[in-house]
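Next up is one chain by itself, shown in structure tokens, the form predicted on its own.
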């Protein structure tokens, strides 16, 4: 059983972060809320996203798993205004998710979850942590797309840098000092190279004012944590964790 009611913008943000990496996903539903753990098709990136029970106006569940076409679900949610309420209900008899938005009802067949893995998120001890608003690094990411398909993230005790180097001496270098960051803690100088496409998808799936907690090492994966479904009164009603493997080839 699953029947719930939630404000559209909270659900859109949760599904939007998941959709940044995968087209299909297994939604684990429990009395605590919704959870997705998924690896992108190329096995370069991983996501764990949680939407807590407190994000919902009403929430009636038994522990179930639902396989969702994320792209189709996102398309349905575009019909809802930011503050509009969305009612979700699982039709057990026909194995579909019924979505009600105002006078609109959309029924979506659920996917078979048997081939969808439940990956374990690895525990990493990364020596550097940067907390920065998503919008602060958006300009550097946008400029980098015309230069190369990979980007270097680095930290020192004084700054956080995004460097993108391409052919013919093309280069983008965004350096943010302590005054431009929410937090910077780097016990050693760290540098790792990553796919610009995947890093961009992760960062751009979140609002420009959302604080990203970026954990980094040298030639190690980068981990990005952020709050989801943030309410001015009650605070965060969910969270997302991204993990992106490094590119070791620095040619």
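Numbering follows the first chain given and starts at 1. All figures in this text were calculated on a predicted structure; none of them were measured in a lab.
Not pictured, yet referred to below: the form predicted together with a further copy of the same chain.
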With the partner left out here, check for me: in the model of the complex, does some heavy atom of residue 119 sit within 4.5 Å of a further copy of the same chain? no
Any chance residue 109 has a heavy atom within 4.5 Å of a further copy of the same chain in the model of the complex? yes
Close approach of residue 140 to a further copy of the same chain in the model of the complex, 4.5 Å, heavy atom: yes
Is residue 96 close to a further copy of the same chain in the model of the complex, meaning a heavy atom pair under 4.5 Å apart or at it? yes
For the spot marked by 72, 170 and 174, is every residue within 4.5 Å of a further copy of the same chain in the model of the complex through some heavy atom? yes
